[in-house]
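First, one chain by itself: the form predicted on its own, in C-alpha cells.
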Amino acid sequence: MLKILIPTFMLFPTIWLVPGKWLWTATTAHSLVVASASLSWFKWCSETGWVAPNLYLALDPLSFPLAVLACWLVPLMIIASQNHVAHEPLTRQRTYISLLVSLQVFLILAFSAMDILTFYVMFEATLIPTLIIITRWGSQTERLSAGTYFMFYTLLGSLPLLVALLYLLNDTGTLSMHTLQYIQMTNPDTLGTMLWWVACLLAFLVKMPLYGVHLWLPKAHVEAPVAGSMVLAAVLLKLGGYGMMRMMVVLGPLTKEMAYPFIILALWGIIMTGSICLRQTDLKSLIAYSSVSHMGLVASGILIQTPWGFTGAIILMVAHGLASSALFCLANTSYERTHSRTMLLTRGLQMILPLMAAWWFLANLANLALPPLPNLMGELMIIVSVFNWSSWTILLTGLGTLITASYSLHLFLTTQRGPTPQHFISMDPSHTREHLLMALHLIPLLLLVLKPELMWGWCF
C-alpha cells in the first residue's frame, strides 16, 4: 500500500519544484509509474479476503479494482488537460495538477480505509478539490451555480450519514469493517431504525446519483473542465456504489422491504434518463445523463443484495468508469476544435478527423454494452439478478437497454456523420497525445475481457 501512497505524495514536490518546461512531462511520467505500480494489487493472494499492511488501511476484492481505476485515471487526466491549461500562468498550472493528485490521494485512502468513519472523512474530502476544479477552471459563468448544486446535494445527503455512523458507533463500539458484518440490529421495526437505514444509504444514493437526486450531476459535468468530468464520471460516482456495498452488510434484515422504493426509482430512472438523452442537444449533458442511467442499474443490482447483483455492479462500475471517461475526453477534443458543445454545430467530423471517428465509434459501442466488453457482462449479471428478484423488471431493464443503444448511436451519428458545416474553416489535426489518451482508456477495457475475474469482487 505504501509503495503506492508514498510516490503519490511525492508527486506534490515534483509538481512544485520541477522547471516549467518539464512540468507536464515529469508529472505525466511520474503518475504513469504510480499507475503501473498500482497494477500489482491485482496479484491476489489472501485467504482472509483482505490484504492489510496495517490496522487502518486494507484492500479486498471489492475495493482494489476501484483503487486501481483511481490510480490509472490521474495520468489520463493530466494528459487530457494539457492543451487547455498550458496557456495559463505557471503557478495556476501547478495548482491544477496538485488538485488532481490530491483527489487521487483521497480516493486511494477512501477505497482502502478499514474504518467506516475514515471512509466517510475521505468520501467528503474528495468534494473540496472537485469543487475547486469546477468553480475555478470551468468554462462558463454557470460554473458557480453548478458548484453550489454539487456541494449542497452531496452535503445534505451525507450529513444524516455522519449522524447514523455516530449512532452506530455509540451502539456497537466499533466501526471497523472486519467486525461490522457480525453485528445484529436490536429492534429492526421501529421508526427510528427505519430513519437510520435511510440515513445510511442516502449519501451514497445522492453520490451515485439515483434518479430524483441526480440534478447536480449534469450541471457539474457540463461546467467542469475535462479532468473534472473524467474524475466525476469514472471514480467519484463509484464511491457511492462502493459505500452502499460496504453499508449493506450492516443494514441486514431491514433492507428487504425498505429497498423497494429505491429499486423502483433506480429502474424507472434508467428509462427516464435514457429518454432525456435522446433529446439532448448538449454533448456533455448527454454523456452525463447516460451516466445516471448506468448508475441506476448499478444501484438496483446492489439493493437486491444477491452475489450476482454485487458482482455485476462492480464490473459495470469499472467498465463504465473507463467508457464514460473516454467519451468525455472525446467530447473535449471536439470542443477544443469547434468551441461548441451543441451537437448540431459539430456534425460531419468524420470527414475531417477519420481516426477520431473510429475512437468515437469504439467508445460508443463500449457505452451501449457491445459483446464481449465487460459493460455487457456487468449489465447482463444485474439484469438477470433483478429479473430473478421480480420478473416484471425485465420490461424496465430491457427497454432501458434499447434506449441506451438508441442514444449511443444517435450520439455517434449526430457528431460524426452528415454534411460538414460551412463554419469549420481551419481545424487542428488530431494529436498523438489524444490518440494515446483514448488508447489508454479503451485498451484496458478490452484487456479486462480476457481476465474478468480481476473485477468479480467477493464472488470469485
Partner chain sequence: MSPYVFTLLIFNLGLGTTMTFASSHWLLAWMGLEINTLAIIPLMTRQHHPRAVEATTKYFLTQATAAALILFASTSNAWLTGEWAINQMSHPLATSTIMLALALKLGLAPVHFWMPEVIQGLDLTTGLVLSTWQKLAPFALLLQVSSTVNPLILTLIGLLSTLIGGWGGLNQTQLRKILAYSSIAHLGWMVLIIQFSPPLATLSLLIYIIMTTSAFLTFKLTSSTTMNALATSWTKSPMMTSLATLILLSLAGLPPLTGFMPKWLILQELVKQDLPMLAFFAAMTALLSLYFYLRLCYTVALTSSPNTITMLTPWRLNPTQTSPLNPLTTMLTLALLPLTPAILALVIY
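Worth saying up front: this structure is predicted, and the values here are computed from it rather than measured. Positions refer to the first chain, counted from 1.
The protein also exists as the form predicted in complex with its partner chain; that form is not presented, and the subsequent description refers to it.
- Partner proximity in the predicted complex, defined as non-hydrogen atoms within 4.5 angstroms of its partner chain, places exactly one of 203-211, 137-145, 328-336, 219-227 at the interface: 137-145.
- For the chain shown alone, residue 376 is not a contact residue for its partner chain in the predicted complex, no non-hydrogen atom being within 4.5 angstroms.
- Among residues of the shown chain, residue 167 is one whose heavy atoms approach its partner chain to within 4.5 Å in the predicted complex.
- In the predicted complex, at least one heavy atom of residue 160 sits within 4.5 Å of its partner chain.
- Contact between residue 121 and its partner chain in the predicted complex is found at the 4.5 Å heavy atom cutoff.
- When you look in the predicted complex, the only residue of 361, 260, 152, 387 with a non-hydrogen atom within 4.5 Å of its partner chain is 152.
- Residue 125 is the only one of 198, 125, 85, 365 with a heavy atom lying within 4.5 Å of its partner chain in the predicted complex.
- The candidate site formed by 369, 412 and 435 is entirely out of contact with its partner chain in the predicted complex, as no residue has a non-hydrogen atom within 4.5 angstroms of it.
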